[in-house]
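The data below hold one chain only, encoded as structure tokens and taken in the form predicted alone.
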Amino acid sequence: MPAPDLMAAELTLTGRITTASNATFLGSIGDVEVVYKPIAGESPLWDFPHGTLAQREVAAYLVSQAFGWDIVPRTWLRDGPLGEGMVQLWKEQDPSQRAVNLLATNDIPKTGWKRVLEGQDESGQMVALVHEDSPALRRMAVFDTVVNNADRKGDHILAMTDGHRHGVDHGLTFHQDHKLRTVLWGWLGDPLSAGELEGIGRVNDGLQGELGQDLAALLTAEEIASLAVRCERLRLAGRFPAPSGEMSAVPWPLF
């Protein structure tokens, strides 16, 4: 069976994700499963303009493509049953894997995991927010820094069976002011690898060409300029950044 025209073929709704803060639907285009977020269903946010979340999701995909790391599943804008919105290919994650977790401090493996923060649960037991120490998750942390992701929750990371990690829910990105809130702080201060620096360079170079032209239809000129500044600062620093400012460095809830 030939692949459907993902821009023009009918988008049929099959369900709704009720835990999402904005209207989020499961759907299909032919035999292709997708996620659909209509602009009409976006909830206004005081610090992100109404009606732009879908565009930011598409912009995040374009930057992911420029990095070359396949972090964000294919994402595009198109019309749907509830009007224009963001459409993204559905990715079925491996339910037996978790890239981010809350564990009792005594249960954290000796290797392969990074601690982000510690606290007490409702019974007084000491627990820690941890994430895996993997190249795939390191690349996602670099990506989040560049796009200024204000909402990298644990459940926004899809652990795939083959070890790949996809990131989803990128509506709160690209703000011109510092907004980075993430659960991926485990490499704070560590040097960036040569491959990570090369990825940042590809994005920075792309802003002078096709990537910059495509983003101009989705973001403001000030947001694109701030994106370029973040790329350059991260390249010059050569290290994972530390939290800054007075706002929380992690999203809430964490998952």
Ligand SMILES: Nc1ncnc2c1ncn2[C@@H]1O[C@H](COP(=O)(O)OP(=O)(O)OP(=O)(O)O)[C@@H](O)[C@H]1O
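Each residue number is its position in the shown sequence, starting from 1. In this text the structure is predicted, and so the values were computed from the model without any measurement.
Omitted here: the form predicted in complex with the ligand. The next part is about that form.
Proximity to the ligand in the model of the complex holds for none of S64, R138 and T161, with the criterion being a heavy atom within 4.5 Å.
None of the heavy atoms of E132 is located within 4.5 Å of the ligand in the model of the complex. In the model of the complex, the ligand sits within 4.5 Å of a heavy atom of D169.
Contact check for I17: a heavy atom falls within 4.5 Å of the ligand in the model of the complex. The closest non-hydrogen atom of Q88 lies within 4.5 Å of the ligand in the model of the complex. For the residues V35, L219, I39, I29, the 4.5 Å heavy atom test against the ligand in the model of the complex is passed only by V35. Residue heavy atoms within 4.5 Å of the ligand in the model of the complex occur in exactly one stretch of 175 to 183, 149 to 157, 124 to 132, 100 to 108, and that stretch is 149 to 157.
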